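A single chain comes next, written as structure tokens; it is the form predicted on its own.
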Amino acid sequence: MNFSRSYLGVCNRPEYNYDKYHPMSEISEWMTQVAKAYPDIVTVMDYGKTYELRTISLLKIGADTGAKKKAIWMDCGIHAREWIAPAFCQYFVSRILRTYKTDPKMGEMIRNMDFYVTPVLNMDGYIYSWKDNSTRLWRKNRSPEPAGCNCSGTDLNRNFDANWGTIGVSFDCCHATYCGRGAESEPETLAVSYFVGSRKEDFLCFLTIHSYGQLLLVPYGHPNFTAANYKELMEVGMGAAEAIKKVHGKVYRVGTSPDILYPNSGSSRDWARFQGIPYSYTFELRDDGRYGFELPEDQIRPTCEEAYDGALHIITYAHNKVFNGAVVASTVPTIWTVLVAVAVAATV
């Protein structure tokens, strides 16, 4: 795979195809080459090991100002079978790197914040899902089965220390939502918890990318808990859904998981909000169920284009509130309409 740099940059070279799904080996090589092509703003950071001892890495994107900076977190591929999620993380990075020199707003955000993007968190599971057709829909990681069980793997998005094991999980290790032997029992979960938790005061946004369902989920997954900034999370989420709709007409619903999907506990989204990170969202990308986890490759580009605008709306809002003194969105419809227009315009 030739990653030679042109005037468009490595992320826009035809040799790397953002319109197809890539195995883990190609994604890892892409990360390395992107960092080499953009050494001034991109760094590969290793922050943990999987059960099978693969190194979990992320791309840190941001201008080195010498000052302590605010940050944005994004992870993809926590569930192995959701291949569109890693495809989106790669596209998201490529869009940032294509635009930060020409888009004044993106340039400003790159100077003020660092973006931490993990293209594939559940590397073991993702690699296993590429093995053959019988493993294509594997969801969990690849940790060994507990004593007395013949099934391996833990659902990493039920394993975080956020109301762990209370609702929407299974203690049957053969179930897809098996939550593990305890909160943060899995090395992948621990890696995120330590990396983000040790600098939680820096993070403005925590965006975790999944499929499918066309949803934007806000905390919390447990129906007995409500985020202190729930109203604001909903309003910002609705603005993101409107930005998504403007791209290709797709409708994303916004709400808590119990309200629009199902109750759950132990999710990374809820964990991040419990840590004090103000804007924590789960993106459930295309589609609405026709193809499910096996989204055709011809839908990768439009899915990524619309999700990028949705994510950018949230990120821009969070940035502006800190650095530009933006007013918190009002619940009054007329004022909210104006704020949405301003926020969307700021992302163009």
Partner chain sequence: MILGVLLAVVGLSGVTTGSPIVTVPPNAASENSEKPTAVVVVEEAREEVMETGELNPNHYPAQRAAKVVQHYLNTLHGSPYKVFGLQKVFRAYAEDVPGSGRKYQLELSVQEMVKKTTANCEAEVIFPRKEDHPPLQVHVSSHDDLLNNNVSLQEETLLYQQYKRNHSLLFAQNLPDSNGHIEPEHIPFWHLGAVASSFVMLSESTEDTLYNMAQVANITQLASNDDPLKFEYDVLLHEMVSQEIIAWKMLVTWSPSEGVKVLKMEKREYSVTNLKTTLL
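All values reported here derive from a predicted model rather than from experimental measurement. Numbering follows the first chain given and starts at 1.
Quick note: we don't show the form predicted in complex with its partner chain, though the next part is all about it.
A single residue from the set S193, S94, N163, N112 has any heavy atom within 4.5 angstroms of its partner chain in the predicted bound form; that residue is N163. Contact with its partner chain in the predicted bound form, defined as any heavy atom within 4.5 Å, is confined among 101-109, 170-178, 85-93, 114-122 to 170-178. Using a 4.5 angstroms heavy atom cutoff to its partner chain in the predicted bound form, all of R81, P258 and Q275 count as contacting. Under a 4.5 angstroms non-hydrogen atom cutoff, its partner chain in the predicted bound form lacks S185 among its neighbouring residues. Although the partner is absent here, F206 sits far enough away that none of its heavy atoms falls within 4.5 Å of its partner chain in the predicted bound form. In the predicted bound form, its partner chain sits within 4.5 Å of a heavy atom of V322.
Within this chain, S198 is remote from the site of its partner chain in the predicted bound form, having no heavy atom within 4.5 Å. Of all the residues from 135-157, those having a non-hydrogen atom no more than 4.5 Å from its partner chain in the predicted bound form are T135, R136, L137, W138, R139, R142, S143, P144, E145, N150, C151, S152.
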